[in-house]
Ligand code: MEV
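Shown next as structure tokens: one chain only, the form predicted alone.
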Amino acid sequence: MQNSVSGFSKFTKVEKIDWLISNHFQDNPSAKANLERYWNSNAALQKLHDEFTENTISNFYLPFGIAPNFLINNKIKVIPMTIEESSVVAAASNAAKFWMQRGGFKAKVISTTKVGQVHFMFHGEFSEIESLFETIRPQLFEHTKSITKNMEARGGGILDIKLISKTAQLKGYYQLHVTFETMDAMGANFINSCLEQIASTFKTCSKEIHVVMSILSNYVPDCLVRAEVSCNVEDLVTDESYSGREFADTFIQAVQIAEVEPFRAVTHNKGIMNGVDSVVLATGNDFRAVEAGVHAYAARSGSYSSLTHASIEKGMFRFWIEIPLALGTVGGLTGLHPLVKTALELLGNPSAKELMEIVAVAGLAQNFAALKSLTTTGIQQGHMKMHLLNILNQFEATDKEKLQLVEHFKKNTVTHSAVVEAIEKLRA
């Protein structure tokens, strides 16, 4: 086929780029230059990045920002955030400043249990597979000892192995549901290695057992962390436009809408994940796994709903989140990526539990800032002013033009058309 290639992964990086430019960019030299301009000038560091994944031809940079002034469990934290969306870091910082003056954030890990499963088919009687499982269960633990030894020394390991019938959903389908404690590691490789050994041992007890696959689950409803803020309702006053009670009532109504309306809940939770993902990414964790698990958790009742909740009790405003987060501070990129090391050092080299608390707080702060804007000034006022520089950069505004236009839009509403009109008028 046209433009197909064989053995591409064996090409050198230069050969990969030459093939790409020749076959997909019509030998355009600017395309090649654009790929090469993002190479790191430090050859050793670039080699490290090249080896993170396969077929690397360049680096894709995202901003690495910080949100200061987070008071979490009576300790001040500066939170690293890797994200391209213009208003996220500013919103998190504003929420941190707001709550620092009102007691800060409280966070607590509820549980840290992670899950893996051996999925298998068996078409005999349930009593037969149940008897086989009970007989071989001690061996399932014993045969994984060489894998779990180091984890057990750190206080982790396999917690339990259960046989679960799923035959009501799919004929002949069963699973071994295995729970794990992985301490400061996210533990994906550890869990999968254990599961494969468990499957290997288990299938020896009957030729009628057909193992389909053995894999960890990114749905971790028992790896939970809670973060919250609270203050007297009267202390919510930020300006003369709203009383504390008016602000609290409208804010709670906004949360309640997200609790019952999936269309709103998706956007509501997306804002939470702006905060969560940016810290997860900055600390070298798997944000795709976190996203999948969190959204499954948001739908656990059968209807997709808000991850955050709010109430007024005895004159106290409370706003909280409970969220599943399987995170690690050792292993994976945490020991390889230089900026991940910096991010973790910035956070005081937290344990996995401490990182869970910090990430949950970032999500709660982001949601508070978004709802505060939505229920008062409207989301676009702050967002578009943060987006102003992006629009000006699209039109290649000079530094002088940027200064003049930023000043102009301090008193005028930012829209794309308004910025275009202003920059054309300035240049005329």
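Every value quoted in this text rests on a predicted model; they were computed, and no experiment measured them. The first residue of the sequence shown is number 1, and the count goes up from there.
Absent from the display: the form predicted in complex with (R)-mevalonate. The rest refers to it.
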**Asked** Quick one: in the model of the complex, does every one of Thr182, Asp184 and Gly331 get a heavy atom within 4.5 Å of (R)-mevalonate?
**Response** no
**Message:** Within 4.5 Å, heavy atoms only, which of Lys97, Lys270, Lys166, Arg102 is in contact with (R)-mevalonate in the model of the complex?
**Reply:** Lys270
**Request:** Would you kindly say which of Ile57, Leu374, Leu62, Leu389 lies with a heavy atom within 4.5 Å of (R)-mevalonate in the model of the complex?
**Result:** Leu374
**Request:** Pick the stretch from 168 to 176, 305 to 313, 152 to 160, 262 to 270 whose residues have a heavy atom within 4.5 Å of (R)-mevalonate in the model of the complex.
**Result:** 262 to 270
**Message:** Taking any heavy atom pair closer than or equal to 4.5 Å as contact, tell me whether Ser214 reaches (R)-mevalonate in the model of the complex.
**Reply:** no
**Request:** Could you confirm whether Asn274 comes within 4.5 Å of (R)-mevalonate in the model of the complex, counting heavy atoms only?
**Result:** yes
**Exercise: Glu85 in contact with (R)-mevalonate in the model of the complex, heavy atom 4.5 Å** = yes
**in the model of the complex, Ala370 touching (R)-mevalonate (heavy atom, 4.5 Å)** = yes
